[in-house]
Structure formats: structure tokens, C-alpha cells
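Next up: a single chain in C-alpha cells, the form predicted alone.
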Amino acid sequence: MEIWDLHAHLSGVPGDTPEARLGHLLEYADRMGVGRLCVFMGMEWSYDPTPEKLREDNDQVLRAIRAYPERAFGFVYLNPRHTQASLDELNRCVRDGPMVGVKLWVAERCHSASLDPLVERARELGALIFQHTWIKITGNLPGESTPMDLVALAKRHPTANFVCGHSGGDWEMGLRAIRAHPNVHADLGGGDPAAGLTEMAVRELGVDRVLYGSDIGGRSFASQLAKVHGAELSAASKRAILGENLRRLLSPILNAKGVKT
């Protein structure tokens, strides 16, 4: 099975440079049969990055993916609290650069209207939008989104493609929240490899909306691949989740950039 990992970071990985860190990730990927990685955010995270920090983080990802163009794709990290700087980064890294997606984290809850210009520009460029989501019983961070926040955003932008990061953490609630919205896809990455997650995602969303990701750097390839390999699903469904679905979502922008897959 061709495995494309939706969810990889440069943080939590050995190495003094972005190139070295991605090289380490690819060593681990080779052991586990992972062919391609989507990489986002820099070597040291910031919850609410300044425009300067955004550019620094995205430069680090650009360095990493340019060192391994046959193995890694980049997603541009944006902060909706800095609209113009984020639009500039979208144009620099996606329109004029090799990146193919958008990463949004915890600076601003994603139901906010401040995300609208960023989502619209990403849609125009054909970029896949990955939004971190979580439902925490101890309470979310002030700017941390839930799957319900993402649904509110997705309803305003029905022709953009979104990924619900971590399936909301509390995946039984998260998967039900996004079920009725076909432009929202579930990321299996992060969290423990609990039995039933992948089967429920397929049952609630259909296999075409379920994407394998590891959250590597914070999690291991092995524990996250187990969610798919250990699921009671057909081989065809596992192939779709492990790579075919992500490849289909990224194909338009990759083709536009002349990237061979």
C-alpha cells in the first residue's frame, strides 16, 4: 500500500537544521513503509506567532521540503490574527512556492470571520486546509478550535476542502459533528490508537473522507498506522485511507505545480 502521511512536524525530532530533522523523519518513514509526508510548522512552535515568526517557521519547512522534494510536501502555517501577513505567506509559499496546503492551529478559534479571507485565498489556490481541533474535558486553550467551530467555517466556504485535525480529539463527538459536511475530512493522527476509531470514521463519513496522519514528532508512525492496519476494514478501504484519499485531494494543486506523484 502506498502510504501518504498527512500530519508531520519538524518539532520533537533530532537535528540542528530543518534538513536534518526531515532526514531523520524519513529514516523512520522508510522503516514503516511511509512514502510521502506533509510537513508543517517550524522547529519551535508558537501558539500565537508574530508575522516574523510565521515567516521563520515557513522558511524552515521550505528548506526541509526542498532538500527532499520527492518525499515531502509543505503546508503554510498561518495566523488569522495577522490577516495581511498570512495572505502574504499564502502567496509566497503556495502561489509562488512549492507548498500545497494550509495549517491553522490555536491562535484564533476557526469559527471567527477573521479566517474568511485566508480560506477564500486558499480555495482560489487549490490548497487543502488543515485545522487543528480538540474537545478537552479540562477546557480548550482560548484560541483552540473544536470540530463544531470548523463546521461553522466550512458551511461558509462549501467549495473549500478542510481537514478536521485529530478528528477533534474526542473522536466520537468530532466525527458526528462533521458528518453532514462533505467538504470536511477526518484526520486520524495524534491520540492513542484506540480500537474502533477508524471503523467509526468510515461508518459515519464514508471511506473517502478519512485520512491517515501520524502527528509524527509528537507521536510515532507505528502507533498511528496501527489505527488503520488493525481496523476491521477491507484492504481497499485501508489503501484509500493510507494514501489514495490524500493523493486525490492534493492532485489538482500538485498537477498545477507540475509535481509528479
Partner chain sequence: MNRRDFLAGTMTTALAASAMTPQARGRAAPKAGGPLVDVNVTLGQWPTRRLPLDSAERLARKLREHGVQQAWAGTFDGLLHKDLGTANARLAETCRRVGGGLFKARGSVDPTRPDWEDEVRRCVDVHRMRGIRLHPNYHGYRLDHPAMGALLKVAAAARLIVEIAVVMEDERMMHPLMRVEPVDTAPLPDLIRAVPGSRVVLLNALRTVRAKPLLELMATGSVWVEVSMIEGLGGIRAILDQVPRDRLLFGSHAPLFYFESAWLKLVESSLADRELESIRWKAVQALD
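Keep in mind that what you see is a predicted model, and the values were worked out from it rather than measured. Residue numbers count along the first chain shown, from 1.
There is another form of this protein, the form predicted together with its partner chain, and it is not shown here; the text below is about that form.
*Asks:* Indicate whether the candidate residues 4, 115 and 180 are all in contact with its partner chain in the predicted bound form, with contact defined as any heavy atom within 4.5 Å.
*Replies:* Per the other structure, none of 4, 115 and 180 touch its partner chain.
*Asks:* Tell me which of 116-124, 98-106, 73-81, 162-170 has residues with heavy atoms within 4.5 angstroms of its partner chain in the predicted bound form?
*Replies:* Within 4.5 Å of the partner lies stretch 162-170.
*Asks:* In the predicted bound form, does residue 199 come within 4.5 Å of its partner chain, counting heavy atoms only?
*Replies:* Residue 199 belongs to the contact set for its partner chain.
*Asks:* Is the gap between residue 25 and its partner chain in the predicted bound form 4.5 Å or less for some heavy atom pair?
*Replies:* Yes, residue 25 sits close enough to its partner chain in the predicted bound form that at least one of its heavy atoms falls within 4.5 Å.
*Asks:* With heavy atoms only and a cut-off of 4.5 Å, decide whether residue 85 touches its partner chain in the predicted bound form.
*Replies:* Output for residue 85 is no: heavy atoms all beyond 4.5 Å of its partner chain.
*Asks:* If we define contact as a non-hydrogen atom of the residue within 4.5 angstroms of the partner, is residue 62 a contact of its partner chain in the predicted bound form?
*Replies:* Heavy-atom contact with its partner chain at 4.5 Å: absent for residue 62.
*Asks:* Here the chain is shown alone; which of 41, 205, 38, 216 has a heavy atom within 4.5 Å of its partner chain in the predicted bound form?
*Replies:* It is 216.
*Asks:* Do any residues of 133-153 have a non-hydrogen atom within 4.5 angstroms of its partner chain in the predicted bound form? If so, which ones, in sequence order?
*Replies:* Result: 134, 135, 136, 137, 138.
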